[in-house]
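In structure tokens, the next block holds one chain alone, the form predicted alone.
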């Protein structure tokens, strides 16, 4: 029997009633891990020695889960999917991981990702390309590709991810599951390998909104080791989850959602936006007020460039300690400079090296004002636009991407400028530290697509409640990927 296709609450009840044991769940998760890895390349490490834990009133006790490979895990290989850390075994757990272990959750694997999170395709992991379980010729998006693939494949009900631009929410959409990043600082980033510190969020991928609430309740905490974390002990997302959202107000952005803004739209995009507007009608049916709003398109057009400048600058700084001297395999050389050069040249993928070059360039003293400082100013303008909307609305609802998962042989460096805003708008959730969740929103050509709900900082409960209520109006929760070629 397949148990791990079930939700967390279903599994907990089975465990409490002794209809299944933690040991049986772990065995099933490990068997599935090896099967999924062979087909889709979702993992860096599979923990075949994982042990069962005591079953308690904690909903997560005894249940297997996955950890993205940029979370530090004590005595377990943690590579960030990079050759520069291919032998790194930390001596401590990330706070988020430690919090889950306190509730007797059982890690069974480390999931593959774009190298250090610096990618959006799932194609730059040092262990190889991560394939989409709905169609292996397509990408999962990134960087939390392995986590999304594993959850969608039914390896376990949840896996940890991180989100710097859309790295939880877009893979969730492409894999037909739920991806949730809470307000910045709700979950401690201590022990998460840093990419861009002002943008990085810890979060989770699940197959329904309820499970996302349960997991984040147990991951979150104020942490003296992370000065950006805050006390959310008075927030109980799972306990206060409700589908009664009458009189809530949401808006969508005309410049992002209007098909007339895409004169060369293909059939996938047209169907995707049709799905979106049909879903807005479902919200209206349950008493939500839905309005269209407009944002300066010139400002929106700057979004992708602002993200590249800020994220690359912060990544260059954060990852400057990867010299081959303290961490990772040390190269044979005659001096320290040659050691660093060999380590970085041979260890990093071409994509990450390009991003480091961009980051170094925009941080040079003669370039900072023109690029980095201006990017920060435009970031502020974008966040202010969203904050203005949050004075009138409880959330902003938007389609994710331009449709279903892209083919792996499509070059991500060649983008249709006409569609850039639709592909990149989730980054505003990182610019502002806003809580943001993606849930499934139907299918196009038998492939899943997603819809995103973002709210103001600290209003996580409202965001989850809207997502939960909407999820009840559709039939896509708890779905397991089915290869369309089968």
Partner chain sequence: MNEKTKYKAVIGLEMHCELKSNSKVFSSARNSFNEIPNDNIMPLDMGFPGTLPVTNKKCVSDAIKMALVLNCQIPKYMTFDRKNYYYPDLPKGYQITQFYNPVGTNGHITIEVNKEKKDVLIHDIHLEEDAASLDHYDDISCIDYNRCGVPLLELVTEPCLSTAEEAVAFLEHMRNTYRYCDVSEADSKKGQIRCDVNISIMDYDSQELGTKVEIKNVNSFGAVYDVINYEINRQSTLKDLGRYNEVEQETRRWDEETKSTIRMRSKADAIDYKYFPEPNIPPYEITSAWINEIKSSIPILPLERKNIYMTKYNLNDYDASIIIKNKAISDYYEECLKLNINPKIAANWVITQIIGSLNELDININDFYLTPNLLKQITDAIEKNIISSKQAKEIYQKSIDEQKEPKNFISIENSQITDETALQKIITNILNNNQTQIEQYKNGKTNLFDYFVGQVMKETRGKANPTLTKEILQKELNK
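Numbering follows the first chain given and starts at 1. Bear in mind the structure is a predicted one, so any value in this text is a computation, not a measurement.
Not pictured, yet referred to below: the form predicted together with the partner chain.
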- Item | the partner chain in the predicted complex: contacting segment from 291-299, 107-115, 184-192, 132-140, heavy atom within 4.5 Å | 184-192
- Message: Since the partner isn't included here, can you check whether the partner chain sits close to all of 244, 262 and 386 in the predicted complex (heavy atom within 4.5 Å for each)?
- Response: no
- Task: Using the partner position in the predicted complex, report whether residue 254 sits within 4.5 Å of the partner chain, counting heavy atoms only.
- Result: no
- Query: How about residue 394: is it within 4.5 Å of the partner chain in the predicted complex, going by heavy atoms?
  - Reply: no
- Contact label in the predicted complex: residue 226 to the partner chain, heavy atom within 4.5 Å: yes
- Contact between residue 77 and the partner chain in the predicted complex at 4.5 Å, heavy atoms? no
- Item | The unique member of 372, 390, 238, 276 whose heavy atoms fall within 4.5 Å of the partner chain in the predicted complex | 372
- Could you spot which one of 213, 100, 85, 173 gets a heavy atom to within 4.5 Å of the partner chain in the predicted complex? 85
- Would you give me the residues of 361-382 that have any heavy atom within 4.5 Å of the partner chain in the predicted complex, in order from first to last? 363, 364, 365, 366, 368, 372, 373
